[in-house]
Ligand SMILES: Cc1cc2nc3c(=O)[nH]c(=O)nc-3n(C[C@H](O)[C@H](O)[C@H](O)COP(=O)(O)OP(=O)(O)OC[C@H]3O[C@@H](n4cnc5c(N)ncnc54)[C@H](O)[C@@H]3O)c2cc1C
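Before any questions on binding or motion, here is one chain by itself as structure tokens, the form predicted alone.
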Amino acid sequence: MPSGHSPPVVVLGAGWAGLTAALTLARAGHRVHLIEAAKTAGGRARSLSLDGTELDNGQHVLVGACRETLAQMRALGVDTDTGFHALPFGLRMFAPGQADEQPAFHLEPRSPRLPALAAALYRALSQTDLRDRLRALLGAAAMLHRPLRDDLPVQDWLLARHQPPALIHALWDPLCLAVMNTPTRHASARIFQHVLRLALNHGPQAARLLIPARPLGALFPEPALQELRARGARIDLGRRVTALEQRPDDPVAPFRIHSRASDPLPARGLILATTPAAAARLLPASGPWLPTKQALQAMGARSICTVYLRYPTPPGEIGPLQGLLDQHGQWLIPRHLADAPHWLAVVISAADDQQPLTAQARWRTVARSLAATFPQLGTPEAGHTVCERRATVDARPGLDCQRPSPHTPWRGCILAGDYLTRALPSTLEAAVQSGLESAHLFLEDHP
């Protein structure tokens, strides 16, 4: 174990992967220096203030199968039972102008187990003839229980499993966007299947939908920073790193971290927990680094926008999670669950595929669609659009084969981030798993 005067391990990036790595190293007794370019920790899942209300830069929904994420929160003393509003697995999809404000499609099984799930799907296909209903049920069962040999686009996989076009439109398209942030025509069937199986093949607890009942910052980033400081870690927020340097002739501090703010910082080790694009900019461009750089650049990126609407009076009875069909957005979540009763959040996945709009035009477009779907809402008094331009990787077929290794040509320099976790799309769970792996890889060589 290093002495208190030895150079620190630098963790670059205070998103959920970087925070997890920093906590794991600090708990193992290492000096940690956490550096983040933004002024707030949390990365692409952080809190922010809009009109004096604490909201988030994106509306995240977890599932009970996010075991490592929930375990990290509990280790920080967060009560996940009160920190989330838990719902049994089920979907209610609404379209504009739907008669009597009833869902255009709903799938609400008594249990995610196969018999109850099949019965709910059978009821949802009531407008389909019997032969096609049975083929669709058998195909859906195979989707959950028969591993894919070869990867292919989700859309092709669904058609091969006899899923009717109406079911693809009302169920699989929005679910794939929610999980993958990639449309079915482009998304990896293997990754999508893995997520479905994790959530639906392990009982009701794993399938629960978990909607944050507090701003995201209170659930992980803020308590993580509090523990890190208590363990003596140095925290630099709002510090942008401009270059990384290796000095192999220095066995004590083989890395130098350069920024405009100060002299180069010596480091004993380096966890690079940034986006793939940021990592590619900071790392060398030639020689043994070429495969890593090419893999980082191959990850691609997709955006997510969240529209927040504030109403003069708290909106009426709207369920905690509503799907939106044929609208500029796919999911509606009332923020009263997180003590912001006047606010609604609408998630726009794969926002790059939508009509390009200004921030104001986007929230006004969403507000008009919502008023046509839920007339009782009326007109909001204010709106905001928050877009993360590189929210996720492009979860296309074959992505797992292209992901870089967390190991790098520099011994003691390890990558971390949701894009590294095989078989998962860019999610909080993928980020936390990667943060744990990167820290453990460092600890194997530096106990």
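One rule holds for the numbers: they count along the sequence shown, beginning at 1. Because the structure is predicted, anything quoted here is derived from the model rather than measured.
Although it is not shown, the form predicted in complex with this ligand is what the next lines describe.
> Between the options 37, 48, 28, 382, which residue brings a heavy atom to within 4.5 Å of this ligand in the predicted bound form?
Replying inline: For this set of options, the contacting one is 37.
> Exactly one of 399, 391, 65, 413 has a non-hydrogen atom within 4.5 Å of this ligand in the predicted bound form; which residue is it?
Replying inline: That would be 391.
>> Please pick out the stretch from 198 to 206, 363 to 371, 267 to 275, 122 to 130 that is in contact with this ligand in the predicted bound form, where contact means heavy atoms within 4.5 Å.
In response: Comparing against this ligand in the predicted bound form, the contact stretch is 267 to 275.
>> Please determine whether residue 23 contacts this ligand in the predicted bound form, using a 4.5 Å cut-off between heavy atoms.
In response: It does not: once this ligand is placed as it appears in the predicted bound form, residue 23 has no heavy atom within 4.5 Å of it.
> Is there a heavy atom of residue 424 no more than 4.5 Å from a heavy atom of this ligand in the predicted bound form?
Replying inline: Because no heavy atom of residue 424 falls inside 4.5 Å of this ligand in the predicted bound form, the answer is no.
>> residue 406 versus this ligand, in the predicted bound form: is there a non-hydrogen atom within 4.5 Å?
In response: Answer no; every heavy atom of residue 406 is more than 4.5 Å from this ligand in the predicted bound form.
>> Residue-level contact is defined here as any heavy atom of the residue lying within 4.5 Å of this ligand in the predicted bound form; does residue 378 satisfy this criterion?
In response: Although this ligand is absent here, residue 378 would stay clear of it in the predicted bound form, with no heavy atoms inside 4.5 Å.
> What are the residues of 222 to 250, in order along the chain, with a heavy atom within 4.5 Å of this ligand in the predicted bound form?
Replying inline: Contacting residues: 239, 240, 241.
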